[in-house]
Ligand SMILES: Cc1ncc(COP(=O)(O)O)c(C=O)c1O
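As a starting point, one isolated chain is supplied in structure tokens, in the form predicted on its own.
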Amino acid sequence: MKRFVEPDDFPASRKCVYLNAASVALMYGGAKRAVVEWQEDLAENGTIHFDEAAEESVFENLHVAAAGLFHAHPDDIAVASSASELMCSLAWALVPGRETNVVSTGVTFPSTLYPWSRVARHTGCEIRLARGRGGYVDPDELVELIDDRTAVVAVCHVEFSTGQTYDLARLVEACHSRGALLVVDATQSAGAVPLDVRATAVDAVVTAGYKWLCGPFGVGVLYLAPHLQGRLDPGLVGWRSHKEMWDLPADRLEFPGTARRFEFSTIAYGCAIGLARSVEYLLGLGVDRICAHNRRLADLLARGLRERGAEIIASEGGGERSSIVAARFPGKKESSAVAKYLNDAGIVVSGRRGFVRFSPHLYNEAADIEESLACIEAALA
């Protein structure tokens, strides 16, 4: 059977059974080469090649690639060092006030919520959390928290611990009908779950590059809807913030009229070049195809886990499933012991919140799942 991707594209996939993309994905080989080549050239040549024109245009390929990923326009994209940085800048740009509230979940990844909590301590804004049960958040509970004073709903598209996926179109409708904005952290979905920002009408999306996008650390991407681009003052500003970046005026700051007003600083530019290569590679394969491939593996894994007495921490609803499978083994063995056994055996997974988290990606095949299930059987024995 033909493999979904060529092993040479992910050489590290030969070393072990790697089921940990939700933590750090294996990097696409072309992205690695791009990062290394840029760093070596900079070290050896300084500005001979990476001159002012090159630095000014360094994000252009990533703007285009990320726009393709989200079905947006390149002007809707901004690049920074991390998703957390971009979420912080966005939170301070929107700065919800004392008479408003921000809605999120009690199981979201901390970086999705911390920026809004920090702003709330400054302004007196209320933070409302859908707590959920057993790691699962009822979408109805989340929607019921939204009212006429809600300024922002900030959620992960896919929850990092359980893989629960939210219906963004439903959340957008609930938000916009009350005058609120929907801000989405797509770090656990971008590259693995299709996300069309124009079809769903989300207001902003942030994502890191080192998980399902198979890129490097040190780079994050923001999508900002056109209706917000001309009116937000970013919370973080720097020398790149000015619309003519090499004008370098210390006495005035005029933002670009696009999402690029959120690009403010020097970063490890090679990481952005590498992420552009990785996103281009994923787009060539098709995110729809990657999603279908990953879900087949997740279904095979979940079925095998249940046959071995595991409890899957997720909804059975097809629309709420993702590539992440979280399981525990009640009455059999502690999840931490199972995770350690698997990792010691060369099957790389994560322990999260009292369960084992599996996250297969495009470089995995059915044989990886079968090997993992056999190892789990041995661990439980």
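Numbering starts at 1 and follows the sequence shown. Keep in mind the model is a prediction, meaning the values are calculated, not measured.
The same protein has a further form, the form predicted together with the ligand, not shown here; the description that follows concerns it.
Enquirer: Of the residues Y281, Y210, Y166, F264, which one places a heavy atom within 4.5 Å of the ligand in the predicted complex?
Expert: Contact with the ligand in the predicted complex is made by Y210 alone.
Enquirer: Here the chain is shown alone; which of A192, A83, L301, L224 has a heavy atom within 4.5 Å of the ligand in the predicted complex?
Expert: Looking at the other structure, the residue within range turns out to be A83.
Enquirer: Since the chain is shown here on its own, which stretch among 196 to 204, 103 to 111, 289 to 297, 243 to 251 would lie within 4.5 Å of the ligand in the predicted complex, judged by heavy atoms?
Expert: That would be stretch 103 to 111.
Enquirer: Test of understanding: in the predicted complex, would T162 fall inside 4.5 Å of the ligand by heavy atoms?
Expert: Contact check for T162: no, nothing within 4.5 Å of the ligand in the predicted complex.
Enquirer: Does the ligand come within 4.5 Å of any heavy atom of C156 in the predicted complex?
Expert: Although the ligand is absent here, C156 would touch it in the predicted complex, with heavy atoms inside 4.5 Å.
Enquirer: Taking the ligand in the predicted complex, which residues of 164 to 187 have any heavy atom within 4.5 Å of it?
Expert: Stretch hits, in order: D185, T187.
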